[in-house]
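Single chain ahead, written as structure tokens, the form predicted alone.
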Amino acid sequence: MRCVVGVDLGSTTTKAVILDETGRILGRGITNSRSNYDQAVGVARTEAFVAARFELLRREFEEAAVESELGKLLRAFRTEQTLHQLRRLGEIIVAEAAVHRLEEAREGLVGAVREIFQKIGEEEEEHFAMEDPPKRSAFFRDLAGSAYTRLAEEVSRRDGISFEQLLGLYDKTIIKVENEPLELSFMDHIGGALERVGRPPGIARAVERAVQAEMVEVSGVGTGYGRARLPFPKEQIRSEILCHGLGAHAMFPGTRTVLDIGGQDTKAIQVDDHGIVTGFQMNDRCAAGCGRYLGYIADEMNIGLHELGPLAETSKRAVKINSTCTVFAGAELRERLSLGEKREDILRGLHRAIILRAMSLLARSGGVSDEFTFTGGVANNPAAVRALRDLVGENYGEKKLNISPDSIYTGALGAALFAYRGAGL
């Protein structure tokens, strides 16, 4: 099977999309952009090809009448993949703890780290054993960091071990793990996944056929904030504006206006009925009002980025926020809290302020037309979506607002479509 790949190397996340020879999406992959862009691209591509293999399995399962088993096999695969990453992270942190200059502290740290990772592994086993696991971050760094911090607090309180030292070990080593070429591919873990589900004959035969299927990458196009670092020739690099416009049009053919709020910038784009860009405005001088700003707020509140929107949705009133400057985000947040404002009310005000900033870009790009598509990672934030609906309604009247669960892949999809057209498939 011939295929093409589109890669969107963003400032905070790196995405990859694979299209088959008919132009259908075969697989998607995502990772955080890490400190090593080249490694991030490799991980996103690997994840996309893992998803592609599972899509081939889905098609096989349809024919083999065992499609219902796909979810179970996928959970088993993710268990194997996650435990592999945890084992490597645990090994590196233990090695780091073992060189502590004080013997007594060294023994306590090593024992604490081993206990923490044993418990994290047990929790991951329980999570993937659920038929419908609760939603959580898609990134290993977030998952491991959240669990490690929580368990480190428990161990430090119980045993009197320095929490700061435990946390310092994690912060020092997570980058090392992220920059290692870990084995995360389909072939690395499908065997273990099959063992977990008991190797049912129908599934085993379908897996064998999916493994034997050859996927030949005939073309690739790159885009995104770090596109200059992508492993594509210059003629196979496209601007974010063009890729987001085409990707949004492919998702929702009626799209005429696109708002993309990514980690580092915000883009307001106008497209015609073919997905060709006719006008745009872009905030590219700083991360004010973008995903990175929300990341700083989450860090200040010591909660996950994915928790910001749901918490803001519990608010009864929005606190007026004067600035969406990332540099001053923490200071304004602390000031509001010191004045007795509720966290959820502050967050609701922050989301409204972010969307107000985006509205000015939309106005300068040509306004909001029917249909209107919201893309980027922030489009998965319910508080941002609500603020956008409210402000668009106030300024432009009722418009059809499109949001896909896969909106974060819009740029990579557009890049893959450019690759598909160029390959002549």
Partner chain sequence: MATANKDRSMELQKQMIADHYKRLEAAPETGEPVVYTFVPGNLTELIRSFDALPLLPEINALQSGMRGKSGEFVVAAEKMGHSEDVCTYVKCDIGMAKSGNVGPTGTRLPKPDLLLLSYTGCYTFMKWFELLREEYKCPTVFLHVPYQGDGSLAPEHREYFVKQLKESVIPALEKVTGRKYDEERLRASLRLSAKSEDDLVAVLHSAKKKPSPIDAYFGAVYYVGPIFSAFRGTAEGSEYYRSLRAEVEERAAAGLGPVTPEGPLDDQKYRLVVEGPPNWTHFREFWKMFSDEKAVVVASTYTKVGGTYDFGFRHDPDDPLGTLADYCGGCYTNLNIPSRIDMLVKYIQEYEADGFLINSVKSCNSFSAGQLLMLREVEQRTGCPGAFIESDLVDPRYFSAANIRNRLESYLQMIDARRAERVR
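Numbering follows the first chain given and starts at 1. Just so it is clear, the structure is predicted and the values come from calculations on it, not from any experiment.
Not pictured, yet referred to below: the form predicted together with the partner chain.
Using a 4.5 angstroms threshold between heavy atoms, G279 counts as touching the partner chain in the predicted complex. At the 4.5 Å threshold, heavy atoms of D272 reach the partner chain in the predicted complex.
Among residues of the shown chain, R238 is one whose heavy atoms approach the partner chain to within 4.5 Å in the predicted complex. In the predicted complex, L242 approaches the partner chain with a heavy atom inside 4.5 Å. Comparing 69-77, 106-114, 305-313, 227-235 against the partner chain in the predicted complex, the single stretch with non-hydrogen atoms within 4.5 angstroms of it is 227-235.
Comment: the partner chain is not present in this chain, but in the predicted complex one of T173, S156, T82, N283 has a heavy atom within 4.5 Å of it, namely N283. Contacts between 396-425 and the partner chain, taken as any heavy atom within 4.5 Å in the predicted complex, involve only R421.
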